[in-house]
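Shown below, as structure tokens, is a lone chain in the form predicted on its own; questions about how it binds or moves come after it.
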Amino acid sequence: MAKNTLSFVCQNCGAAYNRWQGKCESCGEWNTLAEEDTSGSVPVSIRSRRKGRTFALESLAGKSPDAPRLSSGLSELDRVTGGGFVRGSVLLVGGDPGIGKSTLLTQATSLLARAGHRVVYISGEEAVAQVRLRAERLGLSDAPVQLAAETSVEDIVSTLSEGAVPRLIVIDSIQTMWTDTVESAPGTVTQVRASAQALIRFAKKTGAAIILVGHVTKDGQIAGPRVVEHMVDAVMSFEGEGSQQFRILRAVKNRFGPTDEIGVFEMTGLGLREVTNPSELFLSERDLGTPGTAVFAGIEGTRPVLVELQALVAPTSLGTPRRAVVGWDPSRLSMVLAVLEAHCGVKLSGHDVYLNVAGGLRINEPAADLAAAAALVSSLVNAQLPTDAVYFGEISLSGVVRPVAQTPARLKEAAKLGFQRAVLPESARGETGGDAGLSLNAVNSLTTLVAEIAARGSRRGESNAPAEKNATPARFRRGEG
């Protein structure tokens, strides 16, 4: 009989060590190492005697049929998955507690079950009665979804192997599953890895699509070993603020579709409602005529999205001014502030800076640099930006405004929502397509935009107006605000 092998495994990244230590050298987290049995149930001597089988080798030439997809009935979910669920695929969905993961999956499984497909919902955290209560609240209690409350992977695989193969299986959640092949507590790295591997093997063998629900850590990352994200075919993150009704389903990894696509939902009393026009929803309650607000024309995947950036620049009495960002990369904010001070003469070292993306959306593309800079300068000089203008463009470290991709799609979306003008990079003027119908204000450097906004502030009664349109305002050079 093989001797048990004990090791200390990090519960955050899965790294194994021979002895306990306070800090994991792989991920840098403290007090995450736990003692686990990693020997397995099959002795090494037996595994070493197994002979491999031969398999056929094929050439690169040839035709492969497209993977058939199963539409979920929710267009926003299908957009993120790449057109639907692929047979034999495994998806990992993560999100904060109470964000609506179970609600989304209950709606998707109910729509598939009503369409005549066999759908199974396995809950490891709730009883069957609790899942029924949610379905009754959503008005989906009549859907023929097969429910079960079970945590043993062997029992789940044995039950699902009987009868017709399910088209979709939901495991809520993978952290509650356990298998007999390892001797660790449920929720540990070893158990999560072994349970996911058994379910993935079942999906590839039978052709059933499986959705694994995963917990998230305090910093928003999906809990458990990173190897699970590499094992599955797609990883989706369900994001949103608990105080707001908007929910964003974002594809982090997708072997069968784009990885930068998003789906937008609105949380209502009857569940999640699809938002077909996110731009109109994000701009429905924007502050018109308020200094420090700018509309950014962005691209999320293949969809143009217009969102409002809100900035507040206020004098500070602290030795180190505060820099707070919600919905944008703090490193890019620091870069924009450095460019404003170095090349445009905007002194912000004595001011607190706050930047917020309205609606709970998180922006990842650098095209928001120009809109963020416009909002910051507008708040500093108390100048109102045009309410019918959109901004997009990347700012380089030299202060030059660089072009961004998909300019025609951004302008077309802005024109559809009633905007009349656009502030964009000078080099992108030839990529507009000519059919947007917007008045274009092309800028080559950030200094030009800062001078235009400062002139608006001076017209509202402020002194020290710049002598020329493209000149840096004198109060910026002196560090005044």
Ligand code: TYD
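In this text the structure is predicted, and so the values were computed from the model without any measurement. Residues carry their position along the shown sequence, with the first being 1.
Keep in mind the form predicted in complex with ligand TYD is missing from the figure; the text below concerns it.
Ligand TYD isn't shown here, but in the model of the complex which of 97, 163, 116, 319 has a heavy atom within 4.5 Å of it?
By the 4.5 Å heavy-atom cutoff, the listed residue in contact is 97.
Among 314, 342, 185, 270, which has at least one heavy atom within 4.5 Å of ligand TYD in the model of the complex?
Selected option: 270.
| said: To test your reading of this chain, name the stretch in 176-184, 102-110, 154-162, 347-355 whose heavy atoms come within 4.5 Å of ligand TYD in the model of the complex. | reply: Every other range fails; the passing one is 102-110.
query = Counting only non-hydrogen atoms and a 4.5 angstroms cut-off, does residue 137 reach ligand TYD in the model of the complex?
reply = Contact with ligand TYD, yes.
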